[in-house]
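Here we start with a single chain on its own, the form predicted on its own, put down as structure tokens.
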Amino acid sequence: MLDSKRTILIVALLTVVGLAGASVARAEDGAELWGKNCAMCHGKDAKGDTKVGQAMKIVNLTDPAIHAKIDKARVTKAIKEGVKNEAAGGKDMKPLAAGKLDDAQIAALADWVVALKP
């Protein structure tokens, strides 16, 4: 009886530790994915202060007024479907998801964007 309770406790503990580790890895993946897929235009700091970002008139995602409008659903949609950018004369953000990122990567990237500090 004692061994079975101990086994259950150990399994529960390992599950909690595993989930915590997965959560940390996911946050790291978001930053890495940003660097590989988004930083060229949006900049490493998400301020859009790159040559491409300036040409496309990309908004500063850390601006408090812009960041207030950001939520995970909106970011996920932008990644999957792209963004129409009429301010830049039709230079739109193309979808990233089309075969390039899976759902877990998209979720990690969206979480990273939502967690940006204004």
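These numbers come from a predicted model, not from an experiment. Residues carry their position along the shown sequence, with the first being 1.
Absent from the display: the form predicted together with heme C. The rest refers to it.
Look up in the predicted bound form whether Asp49 has a non-hydrogen atom within 4.5 angstroms of heme C, and give yes or no. Heavy-atom contact with heme C at 4.5 Å: absent for Asp49.
Taking the shortest heavy atom distance, is Asp45 within 4.5 Å of heme C in the predicted bound form? So Asp45 does not count as contacting heme C.
Partner proximity in the predicted bound form: Thr62 to heme C, non-hydrogen atom cutoff 4.5 Å: No - in the predicted bound form, heavy atoms of Thr62 and heme C never come within 4.5 Å of each other.
Any of the heavy atoms of Ala68 lying within 4.5 Å of heme C in the predicted bound form? Result no; Ala68 lies far from heme C in the predicted bound form.
If you look in the predicted bound form, which residues in 35-73 sit within 4.5 Å of heme C (heavy atoms)? Those in contact are Asn37, Cys38, Met40, Cys41, His42, Met56, Lys57, Ile58, Val59, Leu61, Ile70.
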